[in-house]
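Before any questions on how it binds or moves, here is one chain, the form predicted on its own, in structure tokens.
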Amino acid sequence: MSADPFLHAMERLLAHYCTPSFVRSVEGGGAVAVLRDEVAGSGFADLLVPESRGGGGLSRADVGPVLFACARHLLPLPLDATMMVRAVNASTPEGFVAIAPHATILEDGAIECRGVPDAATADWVLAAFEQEAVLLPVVAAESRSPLAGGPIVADLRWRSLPRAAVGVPGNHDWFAAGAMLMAARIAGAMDHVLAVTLAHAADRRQFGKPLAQFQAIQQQLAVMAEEVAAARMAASLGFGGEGMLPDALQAAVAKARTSEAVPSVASIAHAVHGAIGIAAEFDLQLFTRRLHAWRLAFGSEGHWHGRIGRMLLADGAPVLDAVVRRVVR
């Protein structure tokens, strides 16, 4: 089944609801109920669910463009994680699911999930431990602590395992899965940042001519476009292959390359926009703050570069051969 109809439908929905003013409202604690109902009722959360279970039966490669679109519009719901968890676990309850990068059971039995993206708008958090994973209801958390930059990422804590918790069978690498999803978010958001930066450079005039006609600006825009293209390619590779969850090396390459591009893309965007680019009233910061948050979520480029090296050494084959066989395919 082609993903094109779903992509067009998602684009229309996002264009209608996910305006910058709406994203700001959600950051300030505003209601997201109408958007939640629209997205939930559309069936998008079941696109990866097999047709035998009543889902869309799409592959990860099919839904990649849909998730890129969600990131371009800063969808303030963890639809990507929800898609993946519902595809893997048939008993996933209704609602939106966020994946916790770091889940810990403390000595007193309390459960902490640190650095959870979209914790403010999720109904459930998938906490992955060494031998098992469990879905924890967000409403039962005794504390939610948003990290710097608004409710993009937050820490959550439960006094003990909630009675409403739902087990997730299988020994899956949810950290790598989350990294792949963050790579898609970074690539999608960068597409938008590049587009608005190019438009600003073409419209903004200095010394009687557009910024885009200055050689120094052209050079910076070329670097930015190169980084965005590389990030998009790496994220697309992360969605290749079979199965609902990514190959660890594919996820590693996707997250490492997209995270590596964030500092350059964000800094060039702000440099080209000048002083207005850092203003809270200007939309650019909505994207660049998330780029920096998603860069760190589920491991920065430094973390994944190390894992890539260890995986390639363990493979035993020449590096290029291993990359082509396991990543590019």
Partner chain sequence: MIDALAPATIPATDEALRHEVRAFLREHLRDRPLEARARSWMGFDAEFSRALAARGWVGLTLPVEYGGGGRSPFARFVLIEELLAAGAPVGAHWIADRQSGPLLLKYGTEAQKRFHLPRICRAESFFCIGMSEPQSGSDLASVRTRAERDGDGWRLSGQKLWTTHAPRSHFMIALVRTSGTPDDRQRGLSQVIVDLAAPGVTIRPILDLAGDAHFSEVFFDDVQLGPDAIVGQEGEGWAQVTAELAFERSGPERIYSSLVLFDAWLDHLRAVPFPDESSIALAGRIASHLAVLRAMSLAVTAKLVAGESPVVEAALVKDLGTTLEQFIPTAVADVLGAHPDREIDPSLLRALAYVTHVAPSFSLRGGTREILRGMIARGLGLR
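Everything numeric in this text was worked out from a predicted model, so none of it was measured. Residue numbers count along the first chain shown, from 1.
Keep in mind that the form predicted together with its partner chain is not shown, yet the notes after this line are about it.
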When its partner chain is placed as it is in the predicted bound form, which of 278-286, 262-270, 298-306, 35-43 ends up with heavy atoms within 4.5 Å of it?
-> 298-306
Exercise: E226 in contact with its partner chain in the predicted bound form, heavy atom 4.5 Å | yes
Considering only heavy atoms, tell me if M233 and its partner chain come within 4.5 Å of each other in the predicted bound form.
-> yes
Interface membership of R24, its partner chain in the predicted bound form, 4.5 Å heavy atom rule | no
Classify R257 as contacting or not contacting its partner chain in the predicted bound form by the rule of any non-hydrogen atom within 4.5 angstroms, answering yes or no.
-> yes
Of the options V97, A128, V253, L136, which one has a non-hydrogen atom that comes within 4.5 Å of its partner chain in the predicted bound form?
-> V253
Among A248, V166, V88, L194, which has at least one heavy atom within 4.5 Å of its partner chain in the predicted bound form?
-> L194
Members of 287-317 lying within 4.5 angstroms of its partner chain, judged by heavy atom, in the predicted bound form | H305, G306, I308, G309, R310, L312, L313, D315, G316, A317
